[in-house]
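Here you get one chain, nothing else, as structure tokens; it is the form predicted on its own.
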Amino acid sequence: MIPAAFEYHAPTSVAEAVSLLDRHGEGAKILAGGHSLLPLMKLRLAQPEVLIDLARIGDLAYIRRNGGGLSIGAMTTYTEIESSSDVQSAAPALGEAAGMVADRQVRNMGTIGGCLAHADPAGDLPAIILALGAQILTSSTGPHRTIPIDDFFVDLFTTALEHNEIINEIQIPALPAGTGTAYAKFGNKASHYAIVGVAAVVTASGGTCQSVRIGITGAGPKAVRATAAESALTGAGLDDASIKAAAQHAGEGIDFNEDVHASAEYRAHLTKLYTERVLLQAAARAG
């Protein structure tokens, strides 16, 4: 199908982009790669009056070390994240998750900022970004904000971003010594979207779990943390039995999606299964 008519802008600076957003209000949409928005526009499920393309803002594409952590510009592509030695060193599961997104063409164009702002309930990166405890830095015509990732995903395709805000940077904190990370998913064979995807960041000492964060995507209307499973594992041993017991709590509080790809019951089963798998892998990597 052909999208509805729209006005197109290609700003060359963040200041110009947020000014356009502020001027055109809620009828404007940001294009940050386009592999989520453009298909919706072709089906006329989304009909923005104004499209603001960030592709010409070179200052938004970068990966930098930041005190042992990472600062990632919003227009950094999946491919750049997957292939970055800094990502492999500081947050290897982020590179793994980026490498599981869709296909090579999408990974070459799709961006981390576009992914997070779109908040697709089956996207890969929201789970690992949640597990890593990142912060989202925004720009607008008003005060810039720093949004903790735990407060960012609000509902289906809905985030804490205001209509005149864009994501400027994603900051990932340094991981403590003895930390392992992992991401795995049960993906749709055609689209590669996560029917259920789970990320874990485990910090261990002496065979005991000192801290853990678990992010889940695909299961419900938004990416969430499995806080009940986290509580069950924190302070416990990282043996197979303890991890399996903790994983049984992974689905608590999730309103499971149900569609042609999987029933709610199947998603609940996958959530426990993949939580156990990534916890075992992250614990092994934690050493």
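Numbers for residues come from their place in the sequence shown, where the first is 1. Remember, predicted model here, so these are calculated numbers, not experimental data.
Same protein, other form: the form predicted together with a small molecule, not shown, and the subject of what follows.
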**OP:** Let me know the one among 57, 254, 37, 262 whose heavy atoms come within 4.5 Å of the small molecule in the predicted complex, would you?
**Re:** 37
Subject >> Interface residue in the predicted complex among 130, 175, 101, 204, criterion: non-hydrogen atom within 4.5 angstroms of the small molecule >> reply: 101
Subject >> Contact test in the predicted complex: residue 94 vs the small molecule, heavy atoms, 4.5 Å >> reply: no
**OP:** Evaluate residue 208 for contact with the small molecule in the predicted complex, applying a 4.5 angstroms cut-off between non-hydrogen atoms, and reply yes or no.
**Re:** no
Original post:
Does the small molecule come within 4.5 Å of any heavy atom of residue 147 in the predicted complex?
Top reply: no
**OP:** Although the small molecule is absent from this view, report whether residue 167 comes within 4.5 Å of it in the predicted complex, heavy atoms only.
**Re:** yes
**OP:** Spell it out for me: taking the small molecule in the predicted complex, does every residue among 197, 214 and 268 have a heavy atom no farther than 4.5 Å from it?
**Re:** no
Original post:
Among 28-36, 246-254, 63-71, 222-230, which stretch has residues whose heavy atoms lie within 4.5 Å of the small molecule in the predicted complex?
Top reply: 28-36
